[in-house]
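Just the one chain here, laid out as C-alpha cells, in the form predicted alone.
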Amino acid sequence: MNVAQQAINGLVIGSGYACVALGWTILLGAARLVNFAHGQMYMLAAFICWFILTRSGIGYPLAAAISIVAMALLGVGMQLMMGRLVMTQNLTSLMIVTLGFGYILQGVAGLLFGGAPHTITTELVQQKIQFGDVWFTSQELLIFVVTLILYGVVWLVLQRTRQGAIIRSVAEDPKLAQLFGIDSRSVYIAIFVLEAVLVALAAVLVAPRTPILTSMGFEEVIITFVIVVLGGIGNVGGALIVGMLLGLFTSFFGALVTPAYTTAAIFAVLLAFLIAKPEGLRTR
C-alpha cells in the first residue's frame, strides 16, 4: 500500500466531504435551522451542471455558474415557502418538510434525468499532477484549495463581521432582533441562499470525481450529518477538521479492509466519539 498516495486520496475525499457539509454547518449552527433536502440539492446541482454541459456545449465554468444561480433561486423559494416555520424556529416541522422536499427533488430528478449514472467531464479531471509515486488531478487540487478558502472566508464573516453578528442575533431570537431594527426574514433568506450556493458550489466541484446518480443525495446527507455532529454544531473549524479526518479514515479503511463497510465504520466512529465527547470538537 502506498501510504503517501492514500493520504493524498484521503485529503481529497475529506475536502470534498467538508465542502459539501459547509452549507449545513452554517444553517444548523449559525442560524439554528435544518434542511434535510441538503443532499438532494447537491444531487440536483450536479445534474443541472451535467445537463447544461452535455446539451448546450458551453464550458464547464459557465455551466457551473448557471447551476449555482439556479440553486440560489431554489433557496429563495424554499425559504419563502417555509417562512412561518423558519420565523418560529419549528425544527420538527422543518425537518419533516425539508425531508419531504428532498424526496420530491429526487423524484423530479429521476423523471427528468433518468436512473442511469452520468458523469461530468472537465479538462481539470484529465490533468494529472505527479510527484514520484504520488499523483492527483487538477480538479482534486481545485477542490482542496477552494474548500480551505471557503472555510476561511465563512469563519471570518461569522466571527469577525457585523453580518455574522446579525446572523447570530437572529438565530438567538428572530422576534427580538426585529425589535432592534433587523429584518429577520431577509436575514433568513440570505442564509438559505448562502446554503444553496455553497452546496451547489460543492456539487460542481466534487461531482466530476464520481458518477452522478439520483440516489446519491441520501449518502451526502449522512456524511454531512456526521461531520456537523462530530465537528460540534455550528463549529466551522471543527467541521473542516472532521471532514479531513473522515476522508483519511475512508481512504485508509477502504485500502486496508474494504470500501463496502466504510459507512458502517464511520457510524461506529461517530458513536464512539459521541460517547466520549458528546459536545463534539471545540476549536472556536
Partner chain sequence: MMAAQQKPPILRVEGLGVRYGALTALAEMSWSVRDGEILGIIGPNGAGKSSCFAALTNSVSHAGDVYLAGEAVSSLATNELAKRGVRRTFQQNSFFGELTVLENMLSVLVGNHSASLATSVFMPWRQMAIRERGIAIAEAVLERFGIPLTYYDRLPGEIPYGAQRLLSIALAYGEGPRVLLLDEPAAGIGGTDMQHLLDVLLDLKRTGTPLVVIEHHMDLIMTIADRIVVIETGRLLAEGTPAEIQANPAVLDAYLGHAE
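Residue numbers count along the first chain shown, from 1. The model shown is predicted, which means the values in this text are computed figures rather than measured ones.
Just so it is clear, the following notes concern the form predicted in complex with the partner chain, a form of the same protein that is not shown.
K.L.:
Using a 4.5 Å heavy atom cut-off, which residue among Thr137, Thr210, Ser169, Gln89 comes into contact with the partner chain in the predicted complex?
P.N.:
Answer to the contact question: Ser169.
K.L.:
Could you tell me which one of Leu156, Leu73, Ile104, Val145 places a heavy atom within 4.5 Å of the partner chain in the predicted complex?
P.N.:
Flagged contact: Leu156.
K.L.:
Taking Arg32, Thr161 and Leu176 as the candidate spot, are all three within 4.5 angstroms of the partner chain in the predicted complex by heavy atoms?
P.N.:
Checked in the predicted complex: all three residues contact the partner chain.
K.L.:
Out of 73-81, 181-189, 108-116, 124-132, where are the residues with a heavy atom within 4.5 Å of the partner chain in the predicted complex?
P.N.:
Correct option: 181-189.
K.L.:
Would you please decide whether Ala165 lies within 4.5 angstroms of the partner chain in the predicted complex, comparing each non-hydrogen atom pair?
P.N.:
So Ala165 counts as contacting the partner chain.
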